[in-house]
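Let's start with one chain on its own, the form predicted alone, as structure tokens.
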């Protein structure tokens, strides 16, 4: 992270988070071995990869188990009563006064999700589709056309932030601010650092970023309330919403908004990188998709199955459960290996093959059950617009043979760092 937290470098912040979650080892191979050998791992399976988890410092100090099959992961993610998220409030959630939907359970989670969800539903997002497409083309890609070469991840880093932050309700006349917001958000994620040499500075930067982001969002919220709380965006809706029989105050609107930002840009960036890699490396795929744009949606869905950004989800057991003859006591952590379940051979034929023609079945790249990603429809619209715009504006798009081939990597937060391309 740039030492000057007042003016952070977005690309550097993104790279720092990528490095933190890259880890070591081949997570696909490790999961494939477990599916063949044992459906449950007793212990901290994630530890071998050296990446942080939402369970934070508690991981390894409490009973921990990992599950690998599609059926087991689905059964955990869909049952939010038995497998809870409240422990997250002790880690990342501490930054948000408990007002973070990811760390909520039960009735509280249902009420808050009902409050936030409408801003991200298809009927709302579809109103923005033409604007999303216009911004991607006119502000990002048309100025690139004459260059005939680029690392598309520079575009991939910025366009999801620009689009999602406008949908949230930040002023569209100062998009430079978005880069600051995004960099501060990445600093918060980077605070979950397990390297003892890097941890103190990472946590200090995270604390500074939390305060800077809060103050900046509060300014927007106060101004929006003064202007009359209009608009279909998230902030406008929150300012008008009733929650538990009363209106939300400025602190609650600010904190709810801030709690959504960690997933509001960088996960779409990583998904975009993997979509591009698959599109440009699978034989014949680019020509097929270029000729039939209805395949773009299938391309995105299959990428999310094949290379999910979030490779695992952690839940806490609220009561004793039994999997495959192993008793898991209450208060244990269960690591749901999404990256394994998405390639479970018992559910997906030729599971290790990338195939956009496969019959669509539930996979877990956007989560599953009550905590399924609230912004997944926005992400899919952004990705669809971006891929179509690339195919329209960059003729004969192809990988640059003089640059390193792109590699999808990361034990968590998977994606490709660079995607160097040429066009005519």
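Numbering follows the first chain given and starts at 1. Because the structure is a prediction, the values reported are computed rather than measured.
Beyond the structure shown, there is the form predicted in complex with a small molecule, which is absent from this document and is the topic of what follows.
Think of it this way: in the model of the complex, the small molecule has a heavy atom of just one of 42, 393, 373, 399 within 4.5 Å, and the residue is 373. The contact residue chosen from 120, 178, 155, 214 relative to the small molecule in the model of the complex is 120, the criterion being a non-hydrogen atom within 4.5 angstroms. Contact between residue 343 and the small molecule in the model of the complex is not found at the 4.5 Å heavy atom cutoff. In the model of the complex, no heavy atom of residue 192 sits within 4.5 Å of the small molecule. In the model of the complex, residue 65 stays away from the small molecule, with no heavy atom inside 4.5 Å.
In the model of the complex, residue 366 approaches the small molecule with a heavy atom inside 4.5 Å. For the three marked residues, 299, 303 and 386, no heavy atom of any sits within 4.5 Å of the small molecule in the model of the complex.
Note on the interface: of 255-263, 201-209, 180-188, 329-337, the segment with non-hydrogen atoms within 4.5 angstroms of the small molecule in the model of the complex is 255-263.
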